[in-house]
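Only one chain is included here, represented as structure tokens and corresponding to the form predicted alone.
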């Protein structure tokens, strides 16, 4: 993304999730927040997922955004091994439209929090904005860019023909 070290990690259970998570990457890019993205499955790549999550803070990450569909175990697995905030994005699926993923993330056991967002594109975009808000608590440059984004978004009024 940039020459700066990534402060947000985007992890998804499958390469096919990139279609949704591209919206997260686009929003972080717009806000000039460096990130890294990986496709790692909690079921097919558990060792790599554990290493990614366990070393994230030491590598300079401040927030992890984890996306998954169906059983949606990835955000919970990541949250179990990192002290960083983990934001979950349920991927829309053919089976239940992503409701299964949403419930899997939202119903984490006490002590393993996953901040769960909306299913699909809206959740992906909002995950980036929430990550930015978390980072903005200690980074004035990010806070200024986030404020500018929101001001521009609020200035866009829908004119209706009379």
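Remember, predicted model here, so these are calculated numbers, not experimental data. Positions refer to the first chain, counted from 1.
Omitted here: the form predicted in complex with a small molecule. The next part is about that form.
Quiz item: So which of 48 to 56, 28 to 36, 131 to 139, 63 to 71 is the stretch with heavy atoms within 4.5 Å of the small molecule in the model of the complex?
Solution: Of the options given, it is 63 to 71.
Quiz item: Closest heavy atom of residue 16 to the small molecule in the model of the complex, within 4.5 Å or not?
Solution: Judged by the heavy-atom cut-off of 4.5 Å, residue 16 is in contact with the small molecule in the model of the complex.
Quiz item: Is there a heavy atom of residue 91 lying 4.5 Å or less from a heavy atom of the small molecule in the model of the complex?
Solution: Looking in the model of the complex, residue contacts with the small molecule include residue 91, since a heavy atom lies within 4.5 Å.
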